[in-house]
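What follows is a single chain, given as structure tokens, in the form predicted on its own.
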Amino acid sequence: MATALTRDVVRRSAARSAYRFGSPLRRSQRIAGYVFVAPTFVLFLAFVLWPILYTAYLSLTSWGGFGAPRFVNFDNYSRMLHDPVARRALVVTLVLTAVTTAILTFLGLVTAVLVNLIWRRVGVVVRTILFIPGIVSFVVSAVLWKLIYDPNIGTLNRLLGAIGLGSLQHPWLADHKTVLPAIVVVTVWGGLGFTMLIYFAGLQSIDPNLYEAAAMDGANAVQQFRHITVPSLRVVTGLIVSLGLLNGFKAFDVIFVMTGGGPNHGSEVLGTYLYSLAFGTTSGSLPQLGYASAFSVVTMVLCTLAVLAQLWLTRRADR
């Protein structure tokens, strides 16, 4: 017995020594791992980390794309604080992000529950119909909706006139009050299918026994939804909110195609204003790559803070 224990102790000591100093096989495995990771790491350095660092450097300079950048410390960030268009773009971005994220999260959950419980027999058809807008390019969607909102030939105004609501006809994208809601509709239309699909996949992971036990205890459908469905989908909801925040802060293509940030900066977001500053496409202005880089850094910081806050809230709720 003592001999067996001694052999076991010696074997464990040898295993610990081999782990500590590394056996030839382990070293070869580590080298193979480094070799496999190296291409991805090089690409990450070249196309992710280096552009971020270079953009942060340019944000501290005054540069129009020609000649050598001139170092101006934090003047671009100070200018941003006193730029009324920048403040307007930040407010519109925050409003658009909050509204679209809230609507997509709510409608996605409700639609997924309806497809899972009530429309089960036609669920595939409904899911396909809802998901079709998600596979259409955002640029194509923006062009289509721009035609729909057109005050002269648009389908929306014609439909309102045909059903006797001609008084509601409106230049939807040319009015300060209606341009942002019109863009919210397009964004929700394009993202609802994807959100619904994620929630639908999450619903499949909930144990049906929970609903049966709740029903036996007398819980109605609303109570089951509140006390079983919503808590069970907390992680899925966190993912959807994170994606909604990221998509909201980097909104660009739909707004750029539909309004270009107008009218009078009514739909200006950080992305469209950044583009106009970087490439000088509005009113013949010259490129301001240094100032545009400062916008990029601020946008990245906002995205990071939003996602970190959302992850912190999700983890706190899980405790």
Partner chain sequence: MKKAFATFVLAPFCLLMAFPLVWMLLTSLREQNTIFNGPVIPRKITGAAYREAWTSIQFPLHFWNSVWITSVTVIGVLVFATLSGYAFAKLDFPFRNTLFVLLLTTLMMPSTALIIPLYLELKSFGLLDTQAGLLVLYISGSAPFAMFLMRAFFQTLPDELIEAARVDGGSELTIFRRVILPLTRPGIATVVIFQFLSTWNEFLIANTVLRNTDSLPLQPVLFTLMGQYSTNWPALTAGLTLSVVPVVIVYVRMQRQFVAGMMLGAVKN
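Residue numbers count along the first chain shown, from 1. Here the structure is a predicted model, which is why all the values come from computation and not from measurement. Take the two forms, superpose them, and find the largest set of C-alpha atoms that agree within 1.5 Å; that set is the rigid core.
What follows is about the form predicted together with its partner chain, which we do not show.
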For this session: State the residue from L94, L239, V72, I228 whose non-hydrogen atoms include one within 4.5 Å of its partner chain in the model of the complex.
Result: L239
For this session: Work out which of A98, A215, L168, L147 lies within 4.5 Å of its partner chain in the model of the complex, going by heavy atoms.
Result: L147
Exercise. So in the model of the complex, does any heavy atom of G261 sit within 4.5 Å of its partner chain?
Worked result: no
For this session: Would you please decide whether S137 lies within 4.5 angstroms of its partner chain in the model of the complex, comparing each non-hydrogen atom pair?
Result: yes
Exercise. Going by a heavy atom distance of 4.5 Å, is Y77 a contact of its partner chain in the model of the complex?
Worked result: no
For this session: Check whether L173 has any heavy atom within 4.5 Å of a heavy atom of its partner chain in the model of the complex, and answer yes or no.
Result: no
Exercise. So in the model of the complex, are T155, L192 and C303 all sitting within 4.5 Å of its partner chain, heavy atoms only?
Worked result: yes
For this session: Scan 191-217 and note down the residues that get a heavy atom within 4.5 Å of its partner chain in the model of the complex; none is a fine answer too.
Result: L192, F194, L197, I198, A201
Problem set entry | After fitting the core, N264 CA displacement of 2 Å or more between this form and the one not shown | no
Problem set entry | Core-aligned C-alpha movement of V297 between this form and the one not shown reaching 2 Å | no
Problem set entry | Rigid core fit then I52 CA moved by 2 Å or more between this form and the one not shown | no
